[in-house]
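Below you will find one chain, with nothing else, as structure tokens; this is the form predicted on its own, and questions on how it binds or moves follow later.
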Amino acid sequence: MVTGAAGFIGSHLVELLLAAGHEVVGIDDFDPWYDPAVKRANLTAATANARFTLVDGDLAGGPDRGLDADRLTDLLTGADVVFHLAGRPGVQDSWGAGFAEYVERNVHVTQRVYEAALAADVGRVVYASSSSVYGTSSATGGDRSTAPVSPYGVSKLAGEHLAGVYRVRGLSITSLRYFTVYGPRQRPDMAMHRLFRATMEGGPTFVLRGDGRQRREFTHVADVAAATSAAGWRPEADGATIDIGGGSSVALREVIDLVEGIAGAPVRLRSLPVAAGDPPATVAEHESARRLLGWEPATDLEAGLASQWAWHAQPTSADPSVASGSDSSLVAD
């Protein structure tokens, strides 16, 4: 079972699981936070596979296509692993009144998935967390404590704390802290997507927050999917919380230079002050992923960016319109 199956990471994970021979059930509510047609296009290959079943339903149990507790438990019954990727992404929209949606989709929904998984006797749940739980503490020399600096980070950390509660009741849960995921099908609010769009004729201007010296550990989506799949079955990963990072922390200005070289055109830029909740650097801890998952990143940044550019250059790639957030997301996954 993959929740958020039509999303950026979810759709790649679904394809990887199908390629490995698994039967896969995907759940997605096609939330209009960005164009649902883009999400449906993400599942083009999966829906052509007889071993894939798509459930169009709301994990929050709302009045429209809502999955009540019994229905959700029924769906999860018989699942070896539930990969819980559904949620509301993005840092900037989590401030102010927007936080209510993050509580609903990142906290309430996660608790419902854990509850149903426990009732259905699921073998393991893999929870998609975020580097945002660290705030500024994951930077080089930091103490790596969980100290979010955005409401989004708080909502993802709440899912980790809920995991601890349900582990006590006997549910196997592995939490993965993704570090700034990029690659083909990246959400339209995220930095790499906007950077490439800003090199195209008629594309939008990229909003550069700060001086571009912010450093992020960018992680290619194919590597993230591989790590997530491994977390579903490796005995060593039971109960663990693991960073999933791309291997090196790179300044945004360096990324802009790479994007311009790959696209063969300059990025149109507009500068604004640093956004709230934007830490100066993120750096993953890598030994745990090697030891517990037998995984390490295989895609260097330049090759990964080239794969994303190839996707953007296709006439069938994602709609260029952006999500409700007004600024590029560097931290959220």
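Don't overthink the numbering: it's just position in the shown sequence, from 1. Quantities reported herein were computed from a predicted structural model and do not represent experimental measurements.
Keep in mind that the form predicted in complex with a small molecule is not shown, yet the notes after this line are about it.
- Contact with the small molecule in the predicted complex, judged by any heavy atom within 4.5 Å, is made by just one of 174, 180, 150, 138: 180.
- From the list 87-95, 247-255, 208-216, 194-202, the contact stretch for the small molecule in the predicted complex under a 4.5 Å heavy atom rule is 87-95.
- For residue 284, no non-hydrogen atom is located within 4.5 Å of the small molecule in the predicted complex, even though that partner is not displayed.
- In the predicted complex, none of the heavy atoms of residue 295 sits within 4.5 Å of a heavy atom of the small molecule.
- At least one heavy atom of residue 6 is located within 4.5 Å of the small molecule in the predicted complex.
- Contact between residue 57 and the small molecule in the predicted complex is found at the 4.5 Å heavy atom cutoff.
- For the three marked residues, 29, 105 and 190, a heavy atom of each sits within 4.5 Å of the small molecule in the predicted complex.
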